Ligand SMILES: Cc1cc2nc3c(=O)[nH]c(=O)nc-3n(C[C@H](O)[C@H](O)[C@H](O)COP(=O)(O)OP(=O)(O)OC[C@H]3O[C@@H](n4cnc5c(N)ncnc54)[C@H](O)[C@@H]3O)c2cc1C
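Here you get one chain, nothing else, as structure tokens; it is the form predicted alone.
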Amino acid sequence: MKKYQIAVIGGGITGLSVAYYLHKAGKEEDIPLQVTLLEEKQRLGGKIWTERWNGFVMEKGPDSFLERKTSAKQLALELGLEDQLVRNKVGQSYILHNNQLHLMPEGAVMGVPTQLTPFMYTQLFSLAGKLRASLDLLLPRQKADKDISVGEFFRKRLGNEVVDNLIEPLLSGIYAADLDQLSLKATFPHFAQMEEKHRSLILGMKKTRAPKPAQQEPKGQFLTLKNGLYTLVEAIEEQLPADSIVRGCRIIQIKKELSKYQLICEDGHKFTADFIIATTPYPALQQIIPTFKYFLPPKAIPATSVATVLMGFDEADVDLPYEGTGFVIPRNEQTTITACTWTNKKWPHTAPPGMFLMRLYVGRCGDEAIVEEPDDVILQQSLEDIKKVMKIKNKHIFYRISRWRHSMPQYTVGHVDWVNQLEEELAKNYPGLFVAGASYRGIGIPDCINQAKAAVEKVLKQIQTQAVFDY
């Protein structure tokens, strides 16, 4: 019986999930597969990177995943990590406006108001801004025949002030993006669907929002793992055969040879594969297939660089006059940081008793220069920003700065159509080569796992088809 050789390029969460589900399918369905995962670095996990130090659990990349996107939780349960799952503590969230923290208006869902009183009393907007937002109740539907930017969509419905002071810091922070270039269809299509169904976003959000159970504590929507998200990476690696993972292998070229592919590593090693699932960023894929000429749309923006700043303090040295978990910062504020999480308030397990852990974010689309500054510059400017809203008596005990260069793909207008065309082009000219990962159909951990599972299904379907013809 023929053994199908499958090469997985990239050892981030997408590539690891691909390898895991292929290995699982091979065993459960008795399919003869030889899966090889090729990672150019020595460390697996990609953007998932946890440091455990002196009782602290510090996430240098993503810190959690949405429970309602079920694939990440399902994978954790399959890996036997149920006792490791932790839900975030629910607390107030704030927005920085004119150097002051303001409570997120109660009832605002992703920035869309569903309760009148909190929205009318907030100081985040002027009276004119509030009146403009209320026009959403009267405005007709927008034409839904083409993709538009998230910024254009919300500005037409709620006005500039609500977008700039509330929606932009909430939504663009997910993608480190410019809201006025971010594709609505690729990122938040449900808002367009809501407008199509209900006409008014405010009325639609109000009708579709689940009622809050009486006398019940609000439940956090995010999950993580007690010993850090890297536990997920470690658990997947334990499930894979040791010889199926090749570290330090940077693929520099893919050659198509009849019905197979040859992958050439920088150090000269070569691998032959019947199928390839490439989970690397799209620009890297372009470089390793010299004959591949399908480029991004003209308006595409390169991936944005960001950095995280972790700082630990003695709890007695931090005077935090707010009950909550952190705040976000609109683009129009004069700060270096774009957001702050009071980490041990959101995730109590991340710091030992008596200690305070804080995580700051710097870098956004069009404003990335700070990421390349020396540590002391990033640290100084970040501290200056944070001291505008909270008192810190003594110096931090430690800090960690992690730079993520070109790590946030920009889903510009037309992105979904481009991905569809890319996959059609690959199917036609490179059959058996599939793409998955943050460059394509979602950047969150569950999105990447979903893409991995979809790619695995495509490979298995082709194998079944081939097996029928071979028979």
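Numbers follow the displayed sequence, beginning with 1. Just so it is clear, the model here is predicted, and its values are computed rather than measured.
From this point on, the text means the form predicted together with the named molecule, which you will not see here.
- Proximity to the named molecule in the predicted bound form holds for none of 177, 336 and 366, with the criterion being a heavy atom within 4.5 Å.
- Partner proximity in the predicted bound form, defined as non-hydrogen atoms within 4.5 angstroms of the named molecule, places exactly one of 50-58, 417-425, 438-446, 23-31 at the interface: 438-446.
- The named molecule is not drawn, but in the predicted bound form it has no heavy atom within 4.5 Å of residue 112.
- The shortest heavy atom separation between residue 284 and the named molecule in the predicted bound form is within 4.5 Å.
- Remark: residue 410 does not count among the residues lining the named molecule in the predicted bound form, judged by a heavy atom distance of 4.5 Å or less.
- By the criterion of a heavy atom within 4.5 Å, residue 431 is excluded from the residues contacting the named molecule in the predicted bound form.
- Site annotation in the predicted bound form: the residue of 122, 71, 187, 308 reaching within 4.5 Å of the named molecule with a heavy atom is 308.
- This chain is displayed alone, yet in the predicted bound form one of 288, 101, 386, 351 has a heavy atom within 4.5 Å of the named molecule; that residue is 288.
- Contacts between stretch 245-282 and the named molecule, counted in the predicted bound form as any heavy atom lying within 4.5 Å, involve 249, 250, 251, 279, 280, 281, listed in sequence order.
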